[in-house]
Each structure stands twice: as C-alpha cells, then as structure tokens.
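Only one chain is shown below, in structure tokens, and it's the form predicted on its own.
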C-alpha cells in the first residue's frame, strides 16, 4: 500500500482504470470518488470502481492522502477552488490532464500550504468514456509523465512515481512547458488532423456516407477511432495548449505544402525519401513497446 485513502474527482475511463489498477496491485486501502452526475456515481459504486461515492468534490477529499483530478482541463480551476479548503496537510494532489502548464496555472493557486502538487499525464486511453470503460491493464507498459514544480520534495515525487509504477506505467519526469511541446507533436496535432480528415470526408458529398463507412481502409478507420475521442476534453486541450499546438500545426502545414509540390511535379525521390524517414519513426515506436506490429493494429482483417 502506498496511499491509505485515495479520492478520484471524475469517474470516467482514466479514473476507472486508476481505481481498478490500484486495487489490482493493492496500492490503496480505500478509494473514494465523485462525479458530476448521480448516474455516473451510482454506476461507479455498483460495479465496484470505488468503495464510497460522494455528491461533491469537497466531501470526497476530506481526510484523503491522494487526490487525482480526472476532469477536463477547463474544469480544473473550479474543482481546485472547491477542494482546496478541505485538503488535509500532506495531501498529494495530482491530475491526468493532457496539458500541464495550464493545469498548474489553474490548480496551484487554490492549494493550501502543506499540500503537495505533482501534476501527471498518463499517455493511455481509448475512444471510449464513462466508468464502465475502465480496465485494470490500461497503463501497463504505457508512459506516465510527471511535471512536479521545482520545489517539490524528492521523496513526495518518488512516492507518487511508485504509485504509477505500481499500476504498470513507465514513469518519466519533465518540465511542464517541454511536456506541452512534446504532446503537441505526438498527440494534440495528430488528433486535430484526424478530426479534420473525418470532417473532410463528411463534406465531400461526391462520396456518400455509406461508401465512407463501407470502404474505410486502415488509414481512415484509424482516423475515425481518434476522432471519436471525448469532444469536451479535446476542446479544452487545444484551448489550453494554444502556443505549442499552433507552432507544430505551422510546421505540419509547411511539410504538407512540400509534399503537395512533390506530387504536382512528379518528384518521386522526395516522396520516397520522406516516407522512408517517417517509416523509421514507426519502427522506433514498435521498438519502444508502444504498439504492436500485428496487421491493422491487432484487429481482424475484414477488407
């Protein structure tokens, strides 16, 4: 056991997976939680994600040793303001937000002296949401990035690192600004491109909806999987990681123009060299154990 009592604020996919993973490894004596709707709270209690549920975040955090904010980035400030007065000294506060500097700016001012703030971002998830979507192995061999402020005591960071490692994650530490730039490349802009591509297909009236669905090859099929992610979460991600996202989007646009010119001019050498370089990046992802090289990402072939 690493923490005696843990509170999860928000009870969706990530929170549910944290609860199940922590229970699997005996990392907490008791896990409590709260969610915005009574239906979600009742479901989480019924399926055994949490030992107790509370109607409000303020009630949920009373007397706990660890609080994890599993709410959209845009809701962090309000939740932090609500729970701040009810946190006991020594309580660790963390989150699972996909951007980190905005979360730090939103949460830190509301935390009382004596609490410990260790922002985190588990790089794991699916397109599904809700408490019944969670599963205990979600974080196995996936990275979780911690972005603790410079003045955080090393033993507090080490303890929280142990919690995530206990759930199966591979933990890295970096500063918040660097995290936001890295994730703009690896996650945020790719999601924006996926949303855009699916939107383009919807706008092309020469291609009927039935054809888009019926003839979806692996590339478009994976775009639709990414674009099925929680719209509230991704709206908040882009609004709160504006600078890094726009920078990487600008670089992407430049690359796209280069490829457009190559196709127009019949420059096969440029296209071949570009595809060869990017193929090597895919190999690096496989070597790092972050995906499988099974056909169609492990799905059955049916086309």
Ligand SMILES: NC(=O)c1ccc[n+]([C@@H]2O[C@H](COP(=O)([O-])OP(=O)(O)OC[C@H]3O[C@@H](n4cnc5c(N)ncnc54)[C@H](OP(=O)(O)O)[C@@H]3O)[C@@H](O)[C@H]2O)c1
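All of these numbers come straight from a predicted model, not from anything done at the bench. Numbering follows the first chain given and starts at 1.
The discussion below concerns the form predicted together with this ligand, not included here.
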property	result
Residue stretch of 36-44, 258-266, 238-246, 23-31 approaching this ligand in the model of the complex, non-hydrogen atom distance within 4.5 Å	36-44
All of 60, 67 and 118 within 4.5 Å of this ligand in the model of the complex, heavy atom check	no
Sole residue of 91, 124, 184, 107 within 4.5 Å of this ligand in the model of the complex, by heavy atom	124
Heavy atom within 4.5 Å of this ligand in the model of the complex - the one residue of 87, 144, 176, 79 that qualifies	79
Exercise: residue 171 in contact with this ligand in the model of the complex, heavy atom 4.5 Å	no
Proximity of residue 83 to this ligand in the model of the complex, heavy atoms at 4.5 Å	no
This ligand contact at residue 149 in the model of the complex, heavy atom, 4.5 Å	no
Exercise: residue 96 in contact with this ligand in the model of the complex, heavy atom 4.5 Å	yes
Residues in 60-76 with any heavy atom within 4.5 Å of this ligand in the model of the complex	70, 71, 72, 73, 75, 76
